[in-house]
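Next comes just one chain, in structure tokens: the form predicted on its own.
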């Protein structure tokens, strides 16, 4: 990647990422060009190219931190004993992530640009597949995979809804409750809704 995370270019790089996210929300990833980002910021395209050569590099910079968080959740969940305990841990963590990043996570569900990037980043696709398996294993077969897909895309999509002034904790708890109903899970004894 051609970005420079340190030094005086770091604020410009972060501004690029922030503006890209806003434009991705308005126009989708595929509908946002580097030209649009440069116009929004009042920078030349060469200034943009100093940090990101392509829209895909910029999208990678936006997605990398979220994928890293999901990977950490997957690893923690996979270390637990029992299919239901693993699924519940993944659910609680994913709902917390979605509530925290309620404007960002919905961008990544169903956008063709994101799907294309996931196809080029095998390690990211593997994390998503492992997450899917943690949910699907609760009910082996097609039914489990369908429920896993509903939970993953449903939580991401629902998190971006306009719920007025609902705070992060209330949204997280509602997402967990809906996910548990979908997967047929009950809260584990002594387990609250916070991700551990």
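All of these numbers come straight from a predicted model, not from anything done at the bench. Numbering follows the first chain given and starts at 1.
Heads up, the form predicted in complex with another copy of the chain isn't pictured, but that's what we're talking about next.
Another copy of the chain is not shown here, and in the predicted bound form it never comes within 4.5 Å of any heavy atom of residue 82. Using a 4.5 angstroms limit between non-hydrogen atoms, residue 157 touches another copy of the chain in the predicted bound form. Within 4.5 Å of any heavy atom of another copy of the chain in the predicted bound form lies no heavy atom of residue 54. When another copy of the chain is considered in the predicted bound form, residue 149 lines it closely, a heavy atom lying within 4.5 Å. Using a 4.5 Å cut-off on any heavy atom, the residues of 25-42 that reach another copy of the chain in the predicted bound form are, in sequence order, 25, 26, 27, 28, 30, 31.
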